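Each of the two blocks below gives one form of the same protein chain as structure tokens; they are labelled structure 1 and structure 2.
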Structure 1
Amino acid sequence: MAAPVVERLEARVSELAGAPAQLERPKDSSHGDFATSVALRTAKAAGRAPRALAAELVERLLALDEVESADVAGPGFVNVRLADPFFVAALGEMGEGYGGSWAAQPERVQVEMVSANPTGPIVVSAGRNGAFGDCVARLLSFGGHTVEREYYYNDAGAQIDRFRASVEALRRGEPVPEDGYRGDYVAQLATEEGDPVPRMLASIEQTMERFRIHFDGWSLQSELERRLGEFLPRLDTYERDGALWARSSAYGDEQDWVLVRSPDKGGAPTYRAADVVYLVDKLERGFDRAIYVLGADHHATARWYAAIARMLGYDADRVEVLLYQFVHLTSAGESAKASKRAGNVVFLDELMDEIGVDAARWYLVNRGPDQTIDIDLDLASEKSAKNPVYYVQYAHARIAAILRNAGASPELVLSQHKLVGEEKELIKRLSDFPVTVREAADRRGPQLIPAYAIRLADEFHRFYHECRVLGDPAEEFRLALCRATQRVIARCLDLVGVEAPDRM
């Protein structure tokens, strides 16, 4: 796919400057459409005064058809104002798929996320795991990578045993064991026959589908552990205190880890041992990149995975661990009450019941993964411009109404006219999208998309209030601008798992 028009202009400016130049948007648009500091950065090496270099660059820029005017500012900045044909050309490139398919070397990527044990419904913190991981998957897919989502869960072991024992106790009319599981969902499972684990897993899958996450695969810890014997001979291990240890500290980890417990502690494999099998299983299935999404309290696991890869001769860069912080819910300025069904947590289904799927998806990714998220349930439930997800969706619905009233065809022919400031500013904001979406994918930072969508909605509302669309001599051009804006807003919403309504 051809580079976006702004990137092509940046390449042309770099050519004229004889050095890499970055075009940046001035905070005050009266200073120009773009600015570059390339003269300041290269003056010392060239042995020239920055303003003199900047003046020479201005002369060269003025020869470009895309440039309306340029001038030197301050100690050597160059401000550039672009001609109308540049904006028309930029808008003409904003069709279906705009901003996507940038991957020069597409990869086959697996994103493993949520992976909560099937001992209870998905809680809100695990919902952030899913929202974060799914948005990363959507971004990578939009960039041209092939992405699969997987859920890994422990279907055996102490926690599962306690869960089953809790359900069985209630079936017998006995109290739940002290270390067991409690809550309305346990009591409900006790009224049903059969193993509660598959039922709980089916409930989790239903919640995930409701949350707009579809898993391509489900991986069981018990099945992976059976293959441990295949890999132990390939690992750098030693025995100590009757246990089998991995010498992971020799491969970049901060410590060694127990793989198989000593006989006096049961002699069973640890979850670190299952990690070994699962990592190799991922890479041997042909994934170029294995992405794990884990809570911030799993920071040690990131080093462990990299150590396993090195120990077994794999490229550690193929393994990626994304960590995220916790979620706090507030209502009326106070911490939200715990779930009535669980007693000490809030389930994701309850959050979706309270604020809707769209708001839940938006609010669980609108902050960087390294930041704790505070969700104001009152604001998230509001149907007004105060609620950012509603505000962005309303911009999409407003454009849909304009296009309906115009009877506009899906593809609009651009016409030339003298552009006004609001049209230019909206096109410039739209031209930021390809760079923003790539940065969000590269940084694994989906929070950049909601932030951009709000700015784009702001720009559209300013355009709408200042520029008449229907019945104006510039109607054809402005309808095309509305269509492009609608497409980019819809793409932003889809990348964070939010619907783009045509009516509100």
Structure 2
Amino acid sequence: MAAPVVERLEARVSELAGAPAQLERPKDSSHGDFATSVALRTAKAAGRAPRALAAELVERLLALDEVESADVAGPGFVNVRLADPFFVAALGEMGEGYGGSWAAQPERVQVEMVSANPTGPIVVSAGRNGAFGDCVARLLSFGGHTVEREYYYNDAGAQIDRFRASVEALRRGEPVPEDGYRGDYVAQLATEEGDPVPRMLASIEQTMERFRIHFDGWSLQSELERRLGEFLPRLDTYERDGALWARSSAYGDEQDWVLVRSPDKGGAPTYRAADVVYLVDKLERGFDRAIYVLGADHHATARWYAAIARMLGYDADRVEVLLYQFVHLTSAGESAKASKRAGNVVFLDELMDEIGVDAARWYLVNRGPDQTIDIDLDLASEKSAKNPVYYVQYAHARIAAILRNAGASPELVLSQHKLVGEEKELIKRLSDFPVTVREAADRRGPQLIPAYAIRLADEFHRFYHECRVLGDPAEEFRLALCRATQRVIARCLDLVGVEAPDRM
């Protein structure tokens, strides 16, 4: 999980400690390059004082070639400082594909995301859905899984009917119905011919491509509903009040849900009926794992999906629901209630117009999915200029400038010079990458990537300031360090869907 050279060292330390030891990066680098709390963890079982155990470990560690110094700190931490060859070896392992392909058993994964009704353009909240889902997809893909992105859209049902009715009303020169959709885009569609739904969908796809999300597949609710007949017999259902219910409460859900409405409610299947068909469709299409990316208001549906998976005899662990909190829009501190129907929303395209695609993607994935996002529209453009994404991109561009000026040179990293602090710190930060990216993927927490990228850029800018690359006796070593840094920065940026510019 860690960089291989760190893993090897970890194994040696574990051996010497007589127990599994984890090497941690102290927050304060004056404590050392790495630290381990293994003495604290094992002291009780060993019936020894933690500091005494730690002192013994220090003695043994000092015998290792790669250890420059080691000492006991605090209640029993062991701080270790490593010799130059360790850093040189670490850098040597940071080639193409560094940090990726960790999956021992690669899976076929489907990430279904955005899936907004095609009743209007994609709003910022749906953009967050996409930014989150797409980053998870990129992380899994980097780990070695095969990932497909899919958009599920409701092309039938009450909302769509209202949407069509709104457009048609305008075409007839009548006002939009009370419960209809307003907004400039509705008026625009009214001036065009034909069904507004496919047009809306095409425009959504365009927005998503601009946002750098490419969908491999599009599923229609109406098509799935048509296959409902083959699945109903496989479900545990019953009739009540004229409607057909799924007995989901018997499979872990909190309640039962209507699959087919009663005749006096129109007798049509609910979206939950389509859910069932879609879930089976996903699993039968050969995906080992089906990931749903849903807004926090859908938190209850996680249980529903798990329940129908069990009801149909599938392993519920193959179904995963990722939730994210909403994006609240404020204007000069006043909160603006967002409603697509009312037309007072901010579209993702508008946000991209305002702050650019890079800043928009970074902004929407920068914070954990459990955190609500408030966007103050009046501050959006001002904030964009200070977006940390540029700080990271700038590091990439600076490296590109050095490499442009350097001309051809081998990937050789051997160095005879005495490493300076900035070089070591940068290499240590690079050695964190495999752990970080893996954790981001496992936890479905893409926000870890921007946070890491900022720290990495930080180390690079410091290195750049202190260490001359071109013309220095250590030029080749430093060029190798630059190349490794550039690769990792570019990878981080790619993982969050942001471009890595060579010039700024």
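Please note that residue numbering is based on structure 1, beginning with 1 at the start of its sequence. Predicted model, so just to flag it, every value in this text is computed and none were measured. We call the rigid core the largest set of C-alpha positions that still match within 1.5 Å between the two forms.
Selected structure - the one that is the form predicted on its own
Pick structure 1 here.
When the two forms are laid on each other by their rigid core, does G76 show a Cα shift of 2 Å or more between the two structures?
Shift of 2 Å or more: yes.
Classify R48 as shifted (yes) or not shifted (no) between the two structures, where shifted means its C-alpha moves by 2 Å or more with the rigid core superposed.
Shift at R48: 2 Å or more after core fit.
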